[in-house]
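Two forms, one protein chain; structure tokens for each follow separately as structure 1 and structure 2.
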Structure 1
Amino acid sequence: MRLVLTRRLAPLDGPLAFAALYAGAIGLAVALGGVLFLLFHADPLAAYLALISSAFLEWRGFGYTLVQATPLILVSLGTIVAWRSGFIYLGFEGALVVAAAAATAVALAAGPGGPLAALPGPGVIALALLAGAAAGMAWSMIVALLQVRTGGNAVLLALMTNYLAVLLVQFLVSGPMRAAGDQPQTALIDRAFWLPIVIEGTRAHAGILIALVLAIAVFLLMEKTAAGFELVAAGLNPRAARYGGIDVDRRILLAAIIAGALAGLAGAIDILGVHHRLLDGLSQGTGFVGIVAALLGRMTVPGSVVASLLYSGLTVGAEATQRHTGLPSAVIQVVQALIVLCLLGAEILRSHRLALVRSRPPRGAA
């Protein structure tokens, strides 16, 4: 006997089937994680209770979950716009860190004695966010222009620009923007230019409100406007879109502008709301995790927001679980990976059926 995958006559698209598959996938991942906890002599129930309560039920932990989810939501929104338009962009990590550098430069320039010192705090915050969005947009346009003009591979181009961006930030924090001290980082941004806290007693800042407003804007753009229809049409079938009079290359450039600006805002918000200075390694893979969140959300805005919150909650809960149970943080990261893998596996089962079939008897057997 062996397990084989056979294609279904029609994919499972109903809401009940979708909910059942995803619930089963999460349940399987949780069960596998529980087995892993037992191997480390930890109580699975206590570990999961600590994870969930610290990330979603405790006010302080929930605020930190919102902080972690903010850049993921923005990057996942950028992924939706870019990928559904046929621009398979993987350079969000680079756009994010370059934007963080631009936002930091603006905020530092508004400090005492700086050229922007006359601006009020809200004006500096707005200008820093715009600078981050512009920097992210310009960075993503490098890949889009090369793809449109030369037919280059967008995936390879984007991955290379990620390396360039990381090296550029390392140069900035080690050279022209470095503050006095032993660490490769800039000076601390003036507190007047930090994003305001929206939930007292937590670290949740106004960035989550910006992300949710932009989520609504992206949903309306992609689902309710002619421009969104043309973006999706260009991504589904470029040849048919061109036949229908859509300028596909221009739509790809538009998608790159929007996606880069969203990633740039993620970087600027991370600086003004979390780090308050530019430092090496600030992103920690947010640009890639945001893509995963968009995929888990099935390239829909509501799904991506939920996936971003879920992934961030797991990250926040992992730290609390480690404190309560003594489990290594790597074990919780394995559970995170199991959830992602099982959810992606559920996507396969939407279009395929897993069946147990009898192995063919050896030739010559009676």
Structure 2
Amino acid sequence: MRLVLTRRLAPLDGPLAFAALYAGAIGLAVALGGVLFLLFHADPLAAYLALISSAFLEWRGFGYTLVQATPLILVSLGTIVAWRSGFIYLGFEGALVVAAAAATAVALAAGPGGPLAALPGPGVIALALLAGAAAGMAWSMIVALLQVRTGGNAVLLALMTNYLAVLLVQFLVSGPMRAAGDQPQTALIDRAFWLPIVIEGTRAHAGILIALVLAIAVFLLMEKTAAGFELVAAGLNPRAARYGGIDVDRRILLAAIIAGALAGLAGAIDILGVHHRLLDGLSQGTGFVGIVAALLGRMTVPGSVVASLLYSGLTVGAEATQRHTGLPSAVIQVVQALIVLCLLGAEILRSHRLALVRSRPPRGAA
């Protein structure tokens, strides 16, 4: 007995087959997660119910889901722009923390006695967001320029710049920007520069509105404009795009600028909306999870927004479930990764049929 893959005559492309595969893949991942729950003596059904209700059905939890989804949406938008343009960027984590540092610097400079103290509150917020976007942009340009100019390996370069960014922030909060106290962190940003709360009684701040507006902007850019068409063309087939008169290198730099700015905004918003100060370990993998959200959304804007909300809901729910049942939240991290892998794996069933064959096929047939 062995499993054999045979090619389907026609790939499964209908919406129904597609939905069934997606549902099946998520179901499998959730079931595998349930087995893990049992390992910790938690009732899987109760655990999942607690998870969903605490993330989506309670106001406070839902507000927190929105807070967590905001940087994910922004990073996934950046992923869509970069990856669809052929710039396989994995450095969002670094762009995000560098931008957080820049936004903090601006907001602190606007505090009492600072050089920007004369600026009104909204002006400071706008300037801090811009500084974050600019910093993220500059950070992603390092990799883009190296890729375009010297043909460096963008994937590895970006991964390395992530470590450099984290160390840079570590240096800033333990050295030049450190506030008096035991913890390596900066002073708290003045309350006047915090992003306003948009849902009373929760921690949901205005960042989610910025993210949603930018989602619409990116959707219009990629789907409705000539510039977006050129970006996608450069990504789909660089050689053909070059033949069509598109300067592929310039498109890659443009994609890097947009992607870096989006990730930078994610970092700046997290400072002004959540942390209110710069500290070490600011982003726990948001830059990577945003990429995953974009993948789950099949590189489309609406899909990525939904995937970001679901993913952050799972994360928020995981923390609540950990408080209630003692289930370690890393279990949910495993379930999240399993969902992605199962979805990736399901792809093959669209073009191939999996069958159990009784005997060994003749040599050379597999």
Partner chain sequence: MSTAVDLAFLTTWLAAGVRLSGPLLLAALGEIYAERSGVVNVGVEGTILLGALASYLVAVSTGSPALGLLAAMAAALAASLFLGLFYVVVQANQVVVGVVFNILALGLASVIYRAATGDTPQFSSTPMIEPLAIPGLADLPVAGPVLFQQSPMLYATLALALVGGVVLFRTRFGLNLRAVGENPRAAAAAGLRVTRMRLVGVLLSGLGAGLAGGYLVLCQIGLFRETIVAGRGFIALAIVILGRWNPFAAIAAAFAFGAADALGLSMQLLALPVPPQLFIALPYLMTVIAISGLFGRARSPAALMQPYRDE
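Just so it is clear, the model here is predicted, and its values are computed rather than measured. For residue numbers, the reference is structure 1: its sequence is counted from 1. Heads up, when I say rigid core I mean the largest set of C-alphas that superpose within 1.5 Å between the two forms.
A.B. asks: Give me a 1 or a 2 for the form predicted alone.
C.D. replies: The chain shown as structure 1 is the form predicted alone.
A.B. asks: Are V124 and L5 part of one rigid piece when the chain shifts between structure 1 and structure 2?
C.D. replies: The answer is no; they move as separate rigid parts.
A.B. asks: State in degrees the rotation separating the positions of the smaller rigid part between structure 1 and structure 2, with the larger part superposed on its C-alpha atoms.
C.D. replies: Rotation of the smaller rigid body relative to the larger: 9 degrees.
A.B. asks: What's the distance in angstrom the Cα of I332 travels between structure 1 and structure 2, core superposed?
C.D. replies: Core-aligned C-alpha shift comes out at 3.1 Å.
A.B. asks: L39: how large is its C-alpha shift between structure 1 and structure 2, with the rigid core as the superposition reference, in Å?
C.D. replies: For L39, the alpha-carbon shift amounts to 4.0 Å.
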